[in-house]
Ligand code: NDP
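Single chain ahead, written as structure tokens, the form predicted alone.
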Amino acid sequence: MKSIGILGITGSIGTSTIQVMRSHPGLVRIELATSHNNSKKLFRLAEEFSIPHVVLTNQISPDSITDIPRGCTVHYGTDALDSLLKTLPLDVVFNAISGSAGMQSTLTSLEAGIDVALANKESLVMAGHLVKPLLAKTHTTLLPVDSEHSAILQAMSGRPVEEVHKLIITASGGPFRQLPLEDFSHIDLAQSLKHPTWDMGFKVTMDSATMLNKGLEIIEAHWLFDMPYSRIEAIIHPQSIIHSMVQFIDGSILAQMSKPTMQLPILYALTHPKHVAPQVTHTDFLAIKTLQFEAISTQRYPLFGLALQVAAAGGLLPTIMNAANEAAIELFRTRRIRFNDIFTLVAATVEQAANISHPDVETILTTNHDTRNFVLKNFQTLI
């Protein structure tokens, strides 16, 4: 039985992972789990699954923590997490931390020789150029958990990159696919969080509304599958039945299809390369009336267009773009800016930034922190 660590166990992806484990008892053993600040839920899960080590990564006083489960040791802060990743006998780290905060744990896990099931796309967006050499050096495996990249992995079936003509990633179009452009200036937070097909955490839901998410996924696919950006495409598919497609050089296309649920790609990441019977409902094709496809309009989704430009530039710019976006959606969440201002803030920040072609970890972390703070402090002058 594999020993795993689940980072971000109380979040959206972590919750779906727990649902998979409840449906498949004995599949894996959880040795380590983390939450940023949800100690109550973390402790409930620690008791349910007899997790020996848990980490609260927020700056929280140990004196304020009560009701620790018997047999469970509580650790505090990201330094403690790094130490545990280096010392615990883990087979797989399931990285479901949201946003840029998850990057360091991916690098630490790979450096420690631990395979990573990756639901944190920012790890590759910010540090793909560092992750790839680490994989080769440590002979570790990086398994994608995003439904789109899991689909590509399954459709490629180990075929060499030379046989692939194009990767095609699908997008639902989010909640504003048909909203008149003149109404975008009136979009509120509640509208933005009403995703039509997926139930996700705040950041991913917001990135889906602006379609930055697809730009980040293109960058992620570039690093995961060694594919040049010229051979990666994203299209809108509102039904979210086809998660991605692989077009081979002979013109044939393989698509991975299923009802939209994160439990299937999570299960596959935990059992790869095997497919095991899920406890979720199988897809009923007779209930699917139509499959639609549309191009992604950069007029409707300007952040997607910006992400493609940043991807081509590479270097430090993806970190800057992502940090500016994290700050912008936080400003939108707290109702200090409008929906349209998200793009304006991110674009202005990227435009004035100086790029570095091959940044090291310290530069990435410092730039990420400084860019986020810069946008939060100066947003009024940037929009």
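Note that the structure is a prediction, hence the values are computed from the model and not measured. The first residue of the shown sequence is 1; numbering continues from there.
Missing here is the form predicted together with the named molecule; even so, the following discussion is about that form.
Proximity of Lys121 to the named molecule in the predicted complex falls within the 4.5 Å heavy atom cutoff. The closest heavy atom approach of Ser12 to the named molecule in the predicted complex falls within 4.5 Å. The closest non-hydrogen atom of Tyr76 lies beyond 4.5 Å of the named molecule in the predicted complex. Shown alone here, Thr319 lies farther than 4.5 Å from the named molecule in the predicted complex, counting heavy atoms only. No member of the trio Thr138, Thr140 and Asp360 reaches the named molecule in the predicted complex with any non-hydrogen atom inside 4.5 Å. Of the candidate stretches 93-101, 183-191, 155-163, 240-248, only 93-101 has residues whose heavy atoms lie within 4.5 Å of the named molecule in the predicted complex. This chain lacks the partner; the member of Met200, Ala80, Leu254, Ile236 within 4.5 angstroms of the named molecule in the predicted complex by a non-hydrogen atom is Met200. Of the listed positions (Ala127, Leu110, Val204, Ile219), a single one reaches within 4.5 angstroms of the named molecule by any non-hydrogen atom in the predicted complex, namely Val204.
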